[in-house]
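Shown here is one chain on its own, the form predicted on its own, set out as structure tokens.
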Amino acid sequence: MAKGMNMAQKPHIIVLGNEKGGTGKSTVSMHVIVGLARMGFKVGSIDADARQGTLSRYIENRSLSCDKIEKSLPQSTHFALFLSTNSSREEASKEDNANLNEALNKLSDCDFILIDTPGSDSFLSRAAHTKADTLITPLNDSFVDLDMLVRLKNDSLDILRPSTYAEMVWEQKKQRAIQNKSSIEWFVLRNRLSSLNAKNKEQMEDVIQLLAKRIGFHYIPGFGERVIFRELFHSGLTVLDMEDCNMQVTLSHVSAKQELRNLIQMIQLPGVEKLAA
């Protein structure tokens, strides 16, 4: 058991959510899982998008790599959940909730549980958001992705109103408060950041900072646009595993590791700061 955790407490649930695909949710998920596991925490994971199954395949690839190199690497106890196919919306919602609760119960001895949600709206995704203690929303550094959070005037960058996903999160935060009077700490993570100081990058920064104050999330920088994050998926590895697997480490990889460490520190998970200190 890792230092700094009180096992009398329930597991801390981290949800990766965004109703747009291709924002790097599964990549961030896997790196956070491995980062926490390498700190000595017991980590569970749930793929709430089992039909696409990106996180599940990432974890499967990791197990295959462990067999190949004959070395055990830190990983999570994993469950994959499929959406209910019940034709009744009410029954489908009940079934999705029951399946999620069953998986959470099986992982109740973990310090952290990470849930990767689909890039679309569903009963299961909404149920997962309601469970979140920490919500992380990766966002590609483009106004196409920003549209899921905010509607902007078409002739300026002035904010009109929160958009589809932001409204859904707000609703789940209200449901969470009603259910158990606790809150969801929401972090929006700008992902795949370019190293160039382009005008678009500066404009994104300005809009997100204003939006954070308006709808109540914390803004943090995420991962840079690095090929290594995509290349490691096939082997199920992360930037934290490269030395253990005798892979050549470049300055870019060192920077990527630091980005991950910064991310984990900035989302302020219980016990992590004490352990890192």
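None of the values given here were measured: they were computed from a predicted structure. So that there is no doubt, residue numbering starts at 1 and follows the sequence shown.
There is also a form predicted in complex with a small molecule; it is not shown, and the following applies to it.
Spot the stretch among 240-248, 24-32, 65-73, 38-46 with residues whose non-hydrogen atoms come within 4.5 Å of the small molecule in the predicted complex.
-> Partner-contacting stretch among the options: 24-32.
Quick one: from Ser125, Asn191, Gln172, Thr137, grab the residue that has a heavy atom within 4.5 Å of the small molecule in the predicted complex.
-> None of the other options qualify; the answer is Asn191.
Considering only heavy atoms, tell me if Arg226 and the small molecule come within 4.5 Å of each other in the predicted complex.
-> Result yes; Arg226 sits at the interface with the small molecule in the predicted complex.
Answer yes if any heavy atom of Arg230 is within 4.5 Å of a heavy atom of the small molecule in the predicted complex; otherwise answer no.
-> It does: once the small molecule is placed as it appears in the predicted complex, Arg230 has a heavy atom within 4.5 Å of it.
Touches the small molecule in the predicted complex: Gln52 (any heavy atom, 4.5 Å) = Contact with the small molecule, yes.
Would Gly119 count as touching the small molecule in the predicted complex under a 4.5 Å heavy atom rule?
-> Answer yes; at least one heavy atom of Gly119 falls within 4.5 Å of the small molecule in the predicted complex.
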